[in-house]
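One chain comes next, on its own, written as structure tokens: the form predicted on its own.
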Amino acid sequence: MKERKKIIIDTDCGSDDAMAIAMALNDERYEVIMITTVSGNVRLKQATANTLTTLKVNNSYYPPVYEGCNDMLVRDWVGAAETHGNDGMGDLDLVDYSLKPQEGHAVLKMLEALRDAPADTIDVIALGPLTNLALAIKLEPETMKKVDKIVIMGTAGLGIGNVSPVAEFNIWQDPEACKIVLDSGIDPVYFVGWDACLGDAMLNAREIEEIRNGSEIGKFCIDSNIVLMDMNRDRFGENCLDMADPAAMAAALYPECIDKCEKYFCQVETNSGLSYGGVLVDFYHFSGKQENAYICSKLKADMYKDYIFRNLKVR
């Protein structure tokens, strides 16, 4: 049997992160060797509790969970209660707070795993702000270059932002961290934009019910997204879910579902103002600068959704 590809998941675990984590745990081609947590959707301790609860409900295997950075590099933390609820999981009392993470700091554990492994054998999939990754790069830049690839749920892709006209939440939460990643020379880096989970890639009402009724982990993933569902009724006029982190996870683990993904020179805005946290994508190569990141802006909706269904044990 072919050896499973090893991945590290870095997460600010809210409701869409939980779905993405479950998808990865149930894909037999991959082994999640650790999960590292960071403040983002919720504060660090809550993100850790949400991650551990997801592992418990999924009930497949239990990679170690390590806590990372509670604060952003420069700016103050801003949560996403309006999207995910105060606990990040819909405020439905789904979280088991008795579960505890492993001892050790997430950044140091990530570096240890990469240091001890052959180069190009571990992928890092980042589902939240890039604070942990930025700190790891600052501590040991050459160790971080041993990753095979980094896949990030972040940027507005080639579309509009979800927290400002140009910025997407994960990057806006800690743009200085994103700048460190972009300037690191690590290659390849993939950003799966928020636009990749919109349009036909959104889960519609029928698909939501199919997932909810299909498995225990499917029910958990849908129920925890109740706040986002309520928000989307106002935004889009119907029951639907724009699953940003599952889109990034599918792009990372099942790249066959990617429709549009090109490499560009990208730069994040770290100056204060309306464009703070936005990522400039040099689509027409005006700058003449070397491309430094891939932007994945569209998925093949049918393949992407089938991947969700299969890995939430629905089909």
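Note that residue numbering follows the sequence shown and begins at 1. Not measured: the values here are computed from a predicted model.
One more form of this protein exists, namely the form predicted in complex with alpha-D-ribofuranose (RIB); it is left out here, but the text below deals with it.
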Practice task
Please name which of the stretches 242-250, 286-294, 258-266, 57-65 has residues with heavy atoms lying within 4.5 Å of alpha-D-ribofuranose (RIB) in the predicted bound form.
Solution key: 242-250
Practice task
Please pick, from 153, 178, 196, 106, the one residue with any non-hydrogen atom lying within 4.5 angstroms of alpha-D-ribofuranose (RIB) in the predicted bound form.
Solution key: 153
Problem - in the predicted bound form, residue 169 touching alpha-D-ribofuranose (RIB) (heavy atom, 4.5 Å) - result: yes
Handout entry: Residue contact check: residue 136 to alpha-D-ribofuranose (RIB) in the predicted bound form, 4.5 Å heavy atom
Key = no
Problem - Non-hydrogen atom contact residue 162 with alpha-D-ribofuranose (RIB) in the predicted bound form at 4.5 angstroms - result: yes
Exercise for the section: Find out whether any non-hydrogen atom of residue 127 is located within 4.5 angstroms of alpha-D-ribofuranose (RIB) in the predicted bound form, and reply yes or no. Expected result: yes
Problem - Any residue of 5-27 that, in the predicted bound form, places a heavy atom within 4.5 Å of alpha-D-ribofuranose (RIB) - result: 12, 16, 17
